[in-house]
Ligand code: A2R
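Have a look below at one chain only, the form predicted on its own, in structure tokens format.
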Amino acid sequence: MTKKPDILILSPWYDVAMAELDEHFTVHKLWEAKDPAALLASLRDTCVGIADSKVCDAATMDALPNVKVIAHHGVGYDGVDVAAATARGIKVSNTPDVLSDEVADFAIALTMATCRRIPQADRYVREGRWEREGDMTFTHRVWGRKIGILGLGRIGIEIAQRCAAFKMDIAYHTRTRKDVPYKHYASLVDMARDVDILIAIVPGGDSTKHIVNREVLDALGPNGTLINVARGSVVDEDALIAALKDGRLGAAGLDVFADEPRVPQALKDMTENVVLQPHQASATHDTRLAMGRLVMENLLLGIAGKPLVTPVN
């Protein structure tokens, strides 16, 4: 019987999808190891593939010198040292496209929940306040508003198409203009000043760290709403908290944070104008299974020395 190739999973994702890997590989799970260093040492000569959902650094690659492919579970791969992988001849993949519609749906849902204060209204009913105090205070409409999309990649395009169905006036900020029927802003500050709602959907990493800073938040203003379905690093979290506390920003809907899963208590305490989610934009059974199967396909191809389906480098 031919031995299945050894692969290492650095961090867990959807159990059903991970279980399917057993058909093709001998799977080793780093987070379950009592002695992770010993596991890495035992796989030094045999491990040919790595699957991760968060971080894969150069030290891990050096510990497993025969790895041919790192298959990242997620569209954003800022936790993978791609330069180190490339220097070592290791192919890297991610899982774009299969989650674009899911994240776009969630971005709209989070926008609706934040602007229409759906979680707050749910509590209002459950706490008996509707009966005691009468109608809840009015909220803000979503349809027809001016919306600015920070980033117009695969997911950004899907978000824009959904916004169009809500009769929104759509603008976007990217470094280069796209061939789309939406208004392009070369300046993020200028766009923030002109829109009601700003949705962030850019990759993480050094190039976008704190791109949504105090100046952008002040431009968005006391009637503005920030929605972040990108990465926590994209927003200056301290500046965001200060803007919300001071009333310089109206509201925020956040699915991602700077130090997940640790969320600042200040944000948790803002129950009236902030909606918080546990980084779940792509977290449906359907999409996570599709992402896991794409990870598996890239592993099989990379180990076989064939071109990847969704290469990063």
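Numbering starts at 1 and runs along the sequence shown. Please read these numbers as outputs of a predicted model, since none were measured by experiment.
Omitted from view is the form predicted in complex with the ligand, to which the following refers.
Visitor: Any idea which of 213-221, 198-206, 130-138, 235-243 reaches within 4.5 Å of the ligand in the model of the complex, heavy atoms considered?
Guide: Looking at the partner contacts, the answer comes out as 198-206.
Visitor: If the cut-off is 4.5 angstroms on heavy atoms, which of these, Cys163, Leu150, Leu226, Ile90, is the one near the ligand in the model of the complex?
Guide: Contact with the ligand in the model of the complex is made by Leu150 alone.
Visitor: With the ligand left out of view, choose which of Ile108, Val75, Ala171, Ala84 has a non-hydrogen atom within 4.5 angstroms of it in the model of the complex.
Guide: Answer to the contact question: Val75.
Visitor: Quick check on Arg175: any heavy atom within 4.5 Å of the ligand in the model of the complex?
Guide: Residue-level check for Arg175: yes, a contact with the ligand.
Visitor: Does Ile155 reach the ligand in the model of the complex, with heavy atoms at most 4.5 Å apart?
Guide: Judged by the heavy-atom cut-off of 4.5 Å, Ile155 is in contact with the ligand in the model of the complex.
Visitor: Looking at the partner-bound form in the model of the complex, is Ala230 within 4.5 Å of the ligand by any heavy atom?
Guide: Yes.
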